[in-house]
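Quick heads-up: it's one chain on its own, the form predicted on its own, in structure tokens.
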Amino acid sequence: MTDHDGDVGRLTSPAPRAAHPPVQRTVEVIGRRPVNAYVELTLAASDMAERAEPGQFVAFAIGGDTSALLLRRSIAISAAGDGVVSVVVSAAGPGSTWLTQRRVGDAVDVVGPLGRPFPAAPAGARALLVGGGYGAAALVGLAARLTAQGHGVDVVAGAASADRLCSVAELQGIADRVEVTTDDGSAGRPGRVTVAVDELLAGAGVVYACGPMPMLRTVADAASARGIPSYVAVEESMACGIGVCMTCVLPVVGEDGRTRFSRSCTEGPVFGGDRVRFADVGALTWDVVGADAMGVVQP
């Protein structure tokens, strides 16, 4: 984590903008399967598949034409290619539960791909990928891309319990090494991802992570402590997915060393791990650009 005054020279480069604009389509669900506690949906979405890059997401209209659920649900892309896009959905609320109940042949309204993708790895760097829960699904395409580019890839996939793990088999088929951890010890190594991450950081030249915010903070801090660049795909709630509603803002240090509220859906969801001020998420601190206009004073 950088100091609030901003040591700009130490900041990880921001994630690049996507190469292609999003599209809105009504597409058919052509595949559905349970993935432990989650559901994977596969969509016939050829133009989205052609445009998608690892780290991006799609936003679903929820509940059908007469639904009172007005806001879209943003879900990370787990795979894209050959004319199809796949997502892994956790039934956390009414909207995501409705999504998990879709069946083959159903039509869904989708916008995507959205957000900034994971940036390329430095030349010759070994990559460490860390996924928490269904956040690991967002790393499958990234692992495949890095491997195809000649990078060595290690993965840590962690969850609270075995039924909350995701995409382990897919990652094992791609990466050189996959370490599995569960908080309760029901699969893999007992405990959080920290121990496995600390072991694998020694050989890493770049770190990518997707999962719960506390995990992202831990991974980013560990990478920064070793001087390793890291990129995190945050899981903030994105109510619109296109930067209008401002519900997904995070305090992020800019290239000038100053902190601004950045929208996860447009400036993210991928950020440099040392740019996100995790300790200040949900707070308005005095040094955020614009805080003075709101009457916030330096303590």
Partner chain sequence: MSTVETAVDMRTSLGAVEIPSPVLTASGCSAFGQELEPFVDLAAVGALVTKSVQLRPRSGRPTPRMAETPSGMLNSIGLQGPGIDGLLADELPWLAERGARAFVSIAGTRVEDFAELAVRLRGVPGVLGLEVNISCPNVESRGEVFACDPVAASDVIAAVREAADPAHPVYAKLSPDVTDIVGVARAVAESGADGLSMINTLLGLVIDPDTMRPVLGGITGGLSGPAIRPVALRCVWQVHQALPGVPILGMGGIRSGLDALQFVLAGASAVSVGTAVFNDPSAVARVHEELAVALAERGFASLTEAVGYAHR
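Numbering follows the first chain given and starts at 1. This one's a predicted model, so the numbers in the text were calculated from it and none came from an experiment.
A second form of this protein, the form predicted together with its partner chain, is not displayed here; the remarks below concern that form.
Colleague: Contact with its partner chain in the model of the complex for Ser13, defined as at least one heavy atom pair within 4.5 Å: yes or no?
Modeller: Ser13: no, not in contact with its partner chain in the model of the complex.
Colleague: Residue-level question: is Val39 within 4.5 Å of its partner chain in the model of the complex, judged on heavy atoms?
Modeller: Outside the cut-off, so no.
Colleague: With the cut-off set at 4.5 Å between non-hydrogen atoms, does Val111 touch its partner chain in the model of the complex?
Modeller: Judged by the heavy-atom cut-off of 4.5 Å, Val111 is in contact with its partner chain in the model of the complex.
Colleague: Does any part of Arg116 reach within 4.5 Å of its partner chain in the model of the complex? Heavy atoms only, please.
Modeller: No - in the model of the complex, heavy atoms of Arg116 and its partner chain never come within 4.5 Å of each other.
Colleague: So which of Val195, Ala120, Ala92, Leu71 gets a non-hydrogen atom within 4.5 Å of its partner chain in the model of the complex?
Modeller: Flagged contact: Leu71.
Colleague: Look at the stretches 22 to 30, 270 to 278, 227 to 235, 39 to 47 and give the one with heavy atoms within 4.5 Å of its partner chain in the model of the complex.
Modeller: Of the options, only 22 to 30 has residues within 4.5 Å of the partner.
Colleague: Going through 212 to 250, which residues have a heavy atom within 4.5 Å of its partner chain in the model of the complex? Please give them in sequence order.
Modeller: Those in contact are Glu236, Ser237, Met238, Ala239, Cys240, Ile242, Gly243, Val244, Cys245, Met246, Thr247, Val249.
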